[in-house]
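Read the single chain below, which is given as structure tokens and is the form predicted on its own.
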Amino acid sequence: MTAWVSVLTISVALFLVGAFYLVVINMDGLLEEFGQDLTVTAYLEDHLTVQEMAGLAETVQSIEGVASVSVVGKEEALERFKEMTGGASLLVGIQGNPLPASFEMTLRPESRSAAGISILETATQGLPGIDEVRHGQEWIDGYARVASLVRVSGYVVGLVLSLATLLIVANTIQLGLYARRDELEILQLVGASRTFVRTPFLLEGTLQGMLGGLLASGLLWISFMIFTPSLEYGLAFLLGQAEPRFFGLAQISRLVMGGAVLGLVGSVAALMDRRS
């Protein structure tokens, strides 16, 4: 009974830590997706000719950190607006095409940062023919701060739960030592080494931790499958259009090995206390 209490305690601790970690990897995945799709839009003045836009595009392409530049003409911008709004009803009463042409600039991976965008803004604002530069870096920076806050919270919760779990495992091993004290004394009297006596308890703690990690992984998967459909709108707000994803084999292995380490350290702590 005490051994299973230890296993359940480890599984609960790893379940909570794993839940935080699951949120973090999904938020990090969304940030990576946004980073790949991040474009900086430069709106152009209406008086530019096709030749002037082509020359300006070549100039922008040569700016540090710019991977590619695509020209979006006024007609293409109008068609995109109609697709986004579901028709041209919002343009009723407006004569002509009010939307400007623009450059959509894709950044190199090493320049997808606030510093890289600042360099691009400084370089483009002085170019004749560019009216305004827009990007979504502020939103991404804010989202990254939220992801960092969740990650730090997970570390704190994981640390507190790990300490509590170590105490539970150590006490469980201590109870095992107390229940087998007569056997242990006989073993020592017949010449059993300290390592021979301690090894079964170390294996016991490690096995309890691994079972707790496996149980936590199973509970996380079941919870993921049950609650993901019911939390669809909340996840859409948190993750956008990115599909929620569960742990891969590597993450599950880390969870199980983390449980094994907790069990082993708890056993070592119990045996050290016993020696003292």
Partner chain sequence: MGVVLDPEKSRGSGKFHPRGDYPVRMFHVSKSYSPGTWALQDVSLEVGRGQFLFVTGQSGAGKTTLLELLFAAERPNEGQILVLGRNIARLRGGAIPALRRRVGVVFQDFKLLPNRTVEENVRFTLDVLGTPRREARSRVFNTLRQVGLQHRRYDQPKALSGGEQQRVAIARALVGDPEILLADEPTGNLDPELSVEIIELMIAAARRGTTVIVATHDISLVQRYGMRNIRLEGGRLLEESQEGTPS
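Numbering follows the first chain given and starts at 1. Everything numeric in this text was worked out from a predicted model, so none of it was measured.
Although not depicted, the form predicted together with the partner chain is the subject of the following passage.
Peer 1: The partner chain isn't shown here, but in the predicted bound form which of L163, V156, A115, L189 has a heavy atom within 4.5 Å of it?
Peer 2: Spelling it out, the residue with a heavy atom inside the cut-off is L189.
Peer 1: Looking in the predicted bound form, any heavy atom of E185 within 4.5 Å of the partner chain?
Peer 2: Close contact exists here: in the predicted bound form, E185 approaches the partner chain to within 4.5 Å, heavy atoms only.
Peer 1: Verify the contact flag for T122: yes if a non-hydrogen atom of it lies within 4.5 Å of a non-hydrogen atom of the partner chain in the predicted bound form, no if not.
Peer 2: Because no heavy atom of T122 falls inside 4.5 Å of the partner chain in the predicted bound form, the answer is no.
Peer 1: Looking at the partner-bound form in the predicted bound form, is Y178 within 4.5 Å of the partner chain by any heavy atom?
Peer 2: No, Y178 sits far enough from the partner chain in the predicted bound form that none of its heavy atoms falls within 4.5 Å.
Peer 1: Examine T199 and determine whether its closest non-hydrogen atom to the partner chain in the predicted bound form is within 4.5 angstroms.
Peer 2: No, T199 is distant from the partner.
Peer 1: Please identify, from 165-173, 190-198, 124-132, 75-83, the stretch that has a heavy atom within 4.5 Å of the partner chain in the predicted bound form.
Peer 2: Within 4.5 Å of the partner lies stretch 190-198.
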